[in-house]
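Below, in structure tokens: the form predicted alone, a single chain.
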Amino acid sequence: MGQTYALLLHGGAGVLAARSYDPERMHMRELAEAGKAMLESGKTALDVVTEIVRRLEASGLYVAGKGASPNQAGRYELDAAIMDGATQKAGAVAALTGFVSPVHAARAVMEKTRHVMLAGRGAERFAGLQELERVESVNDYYTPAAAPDTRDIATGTVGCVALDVSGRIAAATSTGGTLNKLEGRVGDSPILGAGCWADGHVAVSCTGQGEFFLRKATAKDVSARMAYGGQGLAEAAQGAIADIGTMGGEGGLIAVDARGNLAQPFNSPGMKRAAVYPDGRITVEVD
């Protein structure tokens, strides 16, 4: 068994508010340290990305989970996806309402059904049958984290990618969706290949204006550039984000390959993120 491990997490593209991001920095560092400890102890990449994204959702600091905002109908519709690179098993939920952890619901879809994605009322019914934790009071639970944002497609997502000491990689992404979205809107985050992807050589979690990431299948594009174009991780990731820019979109992604290389390109005004490198070094950045 090898000893290489690595991890990246993000709290969303876009650093727009004229305020301190010290709480996010502190929280992301805590999560990076927790993820490092889990990987060092032999936890699987799949378990690590599940737990890190769950904690990002629960914090209320990002536009996902507790920090999500309501759509134009006043409903909190949340999306998430998770994918295991070793098996390429995956699960996702879209427009899920009433549950604390969309990423846990996505993993349950992966492990407890023969499907990949459940949406809307079907996702809600399934999560209830799995006895996942419910939001008891919408008014008391959600604390929207979004700052005022005048862009046509305001952004906010969380995600994590990891390589474990057995050489397995995994990715997870979760979001409350773009601000002031139409009822029923689904972005890239729960769509495998668009906002989340993991296979035998790379794991990717995207954040940004999902309508563009959907059209470019950005997460899978990183993998394709590596597999078919012979590009290294950094070149592939940067090229995928550059393609988003050519369409007028913005955002970023985090990615890890099977050798522990990390990439975190973005063309948005900042991206909240933290990294654990194979040498154990931790970095936390927002711009």
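Worth saying up front: this structure is predicted, and the values here are computed from it rather than measured. Numbers follow the displayed sequence, beginning with 1.
What comes next is about the form predicted together with a further copy of the same chain, which is not displayed.
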Looking at 157-165, 99-107, 124-132, 137-145, which one sits within 4.5 Å of a further copy of the same chain in the predicted complex if you count heavy atoms only? 124-132
With the partner left out here, check for me: in the predicted complex, does some heavy atom of K36 sit within 4.5 Å of a further copy of the same chain? no
Does any heavy atom of E111 come within 4.5 Å of a heavy atom of a further copy of the same chain in the predicted complex? no
Quick one: is K220 in contact with a further copy of the same chain in the predicted complex, heavy atoms, 4.5 Å cut-off? yes
Does M83 reach a further copy of the same chain in the predicted complex if we count a contact as any heavy atom within 4.5 Å? yes
Only one of K43, H27, K66, R225 has a non-hydrogen atom within 4.5 angstroms of a further copy of the same chain in the predicted complex; which is it? R225
